[in-house]
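The chain that follows stands alone, in the form predicted on its own, written as structure tokens.
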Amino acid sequence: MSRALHTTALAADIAAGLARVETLFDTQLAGEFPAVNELCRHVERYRGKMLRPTMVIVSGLAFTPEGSALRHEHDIVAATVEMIHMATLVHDDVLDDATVRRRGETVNFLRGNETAVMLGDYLISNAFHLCSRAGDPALNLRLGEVTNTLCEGELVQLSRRHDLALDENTYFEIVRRKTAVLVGASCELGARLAGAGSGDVAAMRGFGERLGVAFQIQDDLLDLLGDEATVGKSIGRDLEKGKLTLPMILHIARTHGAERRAALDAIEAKDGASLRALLARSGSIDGARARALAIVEEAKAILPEARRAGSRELLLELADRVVARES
């Protein structure tokens, strides 16, 4: 365990913060209809790494003086970003025809796409209802902007399915919008609510967005290379749905002739085994991993100094975990 995690007080504050977030989350979704409550309890199982609420809390603690507690607004924002994220997971499973999430059955598989779409909408609605309790319209405005951007990213990705001409710049813009902006906002708002200066708030946003991009590259690699038992969700969905990811884009850009044609044929035929072999041989899988690692290093390089002992080290450790994970 790292020195950061050996900081008992910091670890205790993080654990207590996440416990408060879970309570807020559950309380917000508790309603009068058993059918709705049952669905909400099911998606509670989607909680995994809790990356986004963790980033809110740790970013807040980083700029909170020793001995001072986080504000209640930190808990509200942390629960809100997790609720927004879980709504996107429910909707993603519909888009991808996924059957497994967190080693359990998806809502769309159990109850159909109509129920899953409405549940995702219900989570989004509750997220902004919860956020309004903070009494700070700027928080709703910022997270509304972020949610709009998430949807834009997904819509652009949908418009570019089966597009074998997708380039790196467009891929990274899609990833920034559909994944990275919410991680960036989590770090940004955690720091801002703790009273960090504008420069540090901007740096935290940049740190989080870079982590979000690296996280998505790793997610794409796991979808291509992982197995369902380890990853814990349906895999191979990118290829099945015609979504070009970074290793495919790198391969198409760096190969020519028969080698390039073979990869295009494998993509069009949805032949995962052949495609993986081709991408490995051309170094495109290693190239995508290297890109994710480089982006993490960029994130670490701009991470500002912190007020709370051990918090910066923990953020550096969390950054490394983004690309080291297998699920």
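So that there is no doubt, residue numbering starts at 1 and follows the sequence shown. The shown structure was predicted, so the numbers you read here are calculated from the model rather than taken from an experiment.
Only in words, not in the display: the form predicted in complex with farnesyl diphosphate (FPP), which the text now covers.
Colleague: In the predicted complex, which of the stretches 196 to 204, 108 to 116, 171 to 179, 250 to 258 has residues with heavy atoms within 4.5 Å of farnesyl diphosphate (FPP)?
Modeller: Only one stretch qualifies here: 171 to 179.
Colleague: Does each of 95, 150 and 220 have at least one heavy atom within 4.5 Å of farnesyl diphosphate (FPP) in the predicted complex?
Modeller: Answer is yes for this spot.
Colleague: Only one of 239, 87, 166, 139 gets a heavy atom within 4.5 Å of farnesyl diphosphate (FPP) in the predicted complex. Which one?
Modeller: By the 4.5 Å criterion, the partner-contacting residue is 87.
Colleague: Tell me, out of 192, 210, 233, 74, which residue has a non-hydrogen atom within 4.5 angstroms of farnesyl diphosphate (FPP) in the predicted complex.
Modeller: Comparing distances to farnesyl diphosphate (FPP) in the predicted complex, the residue within 4.5 Å is 233.
Colleague: Would residue 130 count as touching farnesyl diphosphate (FPP) in the predicted complex under a 4.5 Å heavy atom rule?
Modeller: Contact check for residue 130: no, nothing within 4.5 Å of farnesyl diphosphate (FPP) in the predicted complex.
Colleague: Although the partner isn't part of this model, could you tell me whether residue 124 comes within 4.5 Å of farnesyl diphosphate (FPP) in the predicted complex, counting any heavy atom of the residue?
Modeller: Yes, contact at 4.5 Å.
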